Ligand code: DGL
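Next comes just one chain, in structure tokens: the form predicted on its own.
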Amino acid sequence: MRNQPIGVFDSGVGGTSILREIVKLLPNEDIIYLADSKNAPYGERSKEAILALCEKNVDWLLSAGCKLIVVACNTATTNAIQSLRKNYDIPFIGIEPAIKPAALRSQTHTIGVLATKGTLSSQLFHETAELYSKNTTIIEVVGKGLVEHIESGDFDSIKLQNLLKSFVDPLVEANIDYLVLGCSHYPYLIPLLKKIVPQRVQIIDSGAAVAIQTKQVLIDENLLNTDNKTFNVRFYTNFNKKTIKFISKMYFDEAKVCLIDDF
């Protein structure tokens, strides 16, 4: 089992921001990344639809021999991971908006959370937010349309910048000092965000924390691969290879990208 790959999936290319952190921390692991770009974004779908898509992704990754699965999607985690853990006999790692560290560190006691509708409306998100909202004001903003820009390969256009400003400017005016990115696609917006928000606003995402948790679970389950000298990352997508191929070349040299026609 230790030599089998880690599976990572997201509703598109956004989870590659999580994958990037996992590869840094676990250089000996083989990884299969599945991008369900055909059905992106999950954030506009019902909980039932999200669960069905997640189960389809999990079944595909299990058929590829994965030993552990990272749900590299905030919406999928908050809506489906409890059910996945109940129905499958394999370790799952989820991703949630980093509300806790932002709330504990905030000096203005006001933080912003930029996420999809599906994440912000989930029970798990509300339970987490409620835990840390006693001494901190948490302002939620739905980043409608951002995922579509990133999926199309747009990371810095004027149109995207104006859309992002419309979401973020009210948060800055409300005196936030932390901006929590609640979607795995959004870390690709950090260079643009740094041009928009003042330096006093810290931008925080969950990538590094997910990588740390992944390593710990591998250790706990005796699944950590210590044999490989180099990692192997394989990308699969059911839609357009263009964006994920661009990202894979940025971070993983000439990693192989395959199109799944029947998925």
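Start at 1 and count along the sequence shown; that's the residue number. Computed from a predicted structure; not experimentally measured.
What comes next is about the form predicted in complex with the ligand, which does not appear here.
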Since the partner isn't included here, can you check whether the ligand sits close to all of Asp10, Thr119 and Cys183 in the predicted bound form (heavy atom within 4.5 Å for each)? yes
By the heavy atom within 4.5 Å rule, which residue out of Leu189, Ala80, Val147, Val113 makes contact with the ligand in the predicted bound form? Val147
At 4.5 Å between heavy atoms, is Phe235 in contact with the ligand in the predicted bound form? no
Given that the partner is absent here, state which listed stretch (40-48, 216-224, 23-31, 196-204) has heavy atoms within 4.5 Å of the ligand in the predicted bound form. 40-48
